[in-house]
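Shown here is one chain on its own, the form predicted on its own, set out as structure tokens.
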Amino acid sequence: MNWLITGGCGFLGTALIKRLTQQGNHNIRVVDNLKTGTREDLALVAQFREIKQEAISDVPAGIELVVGDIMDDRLALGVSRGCDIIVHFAANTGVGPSVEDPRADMMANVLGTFNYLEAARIHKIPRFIFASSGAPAGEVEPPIHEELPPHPVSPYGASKLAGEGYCSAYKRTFGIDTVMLRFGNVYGPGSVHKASVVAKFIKRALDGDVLEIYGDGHQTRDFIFIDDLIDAVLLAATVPGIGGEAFQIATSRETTVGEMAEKLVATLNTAGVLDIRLVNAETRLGDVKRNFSDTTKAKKRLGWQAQVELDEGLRKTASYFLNK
């Protein structure tokens, strides 16, 4: 297929591109503003050529990088020409940045998503995959599932809910097969630029810094390994009859942040990283107390289920950072 991947230089984007190049026979156009991911990150997984906006061809050829921002609607129309599918990874990510600057979060996650849905409508691109989150559900009794009424706590959760709303509307009004994937807390090799808890803790431990757990550490999350997540994306791109549907993409396992931190410290100790200090800090605004998912729908409709256990995933992730 001819793929358009927004945020393709980031953690998720490079992991997907690596898998697609291993499969072969795909043309991939990447759009990225390079604020997080870099050209060097993309070069680690694939050979590419950089294309100026004015030189974008009618159909992507090989692997192309176009540097630009998802809030540029004219760019969205240009880069999406000739594509069979849009995978929309680019976003403002995380609760913290959305609390610090709610407007920037809204602009990136709502307007940015709208621009690429519009591009799909205008160019008649049949499938659109939206990287969402468990955050739209908000403070509810877990496990989170697709039929829960949303009650987002953070601006980030609200912006992702708005994106899901537009995806639903573009399926029902314009017939685009939008697929919303609500990712758990993803981690794994390649996450060097991520600010989420696993990557942040490893980087701080290697730098000899204290690991700060917000609150008492009893808050729970659903940690999903990157390879499992990419499996779900590939299925969402090809399984028929799932347009307009949302899927929880996680492990269905509830793990406290404190438990994860203890496992990670033990993994790093085994690898020779010693004297790691854990402390508790103030609870962060916008965080939910409990969060894990029921992935029954993904298993039934996508034929997908997470395979990598947390201990194994942490070992692979720690090894990646140590080898860097």
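Remember, predicted model here, so these are calculated numbers, not experimental data. Throughout, we count residues from 1 along the sequence that is shown.
Not on display, but discussed next: the form predicted together with a small molecule.
The stretch among 203 to 211, 233 to 241, 137 to 145, 70 to 78 whose residues place heavy atoms within 4.5 Å of the small molecule in the model of the complex is 70 to 78. Of the residues given (281, 266, 34, 278), 34 alone sits with a heavy atom within 4.5 Å of the small molecule in the model of the complex. Of the listed positions (93, 248, 178, 251), a single one reaches within 4.5 angstroms of the small molecule by any non-hydrogen atom in the model of the complex, namely 93. Mapping the unseen interface onto this chain, residue 114 falls outside it, with no heavy atom inside 4.5 Å of the small molecule in the model of the complex. Taking the partner from the other structure, the small molecule in the model of the complex has a heavy atom within 4.5 Å of a heavy atom of residue 10. Proximity of residue 156 to the small molecule in the model of the complex: non-hydrogen atoms within 4.5 Å are present. Although the partner is absent here, residue 198 sits far enough away that none of its heavy atoms falls within 4.5 Å of the small molecule in the model of the complex.
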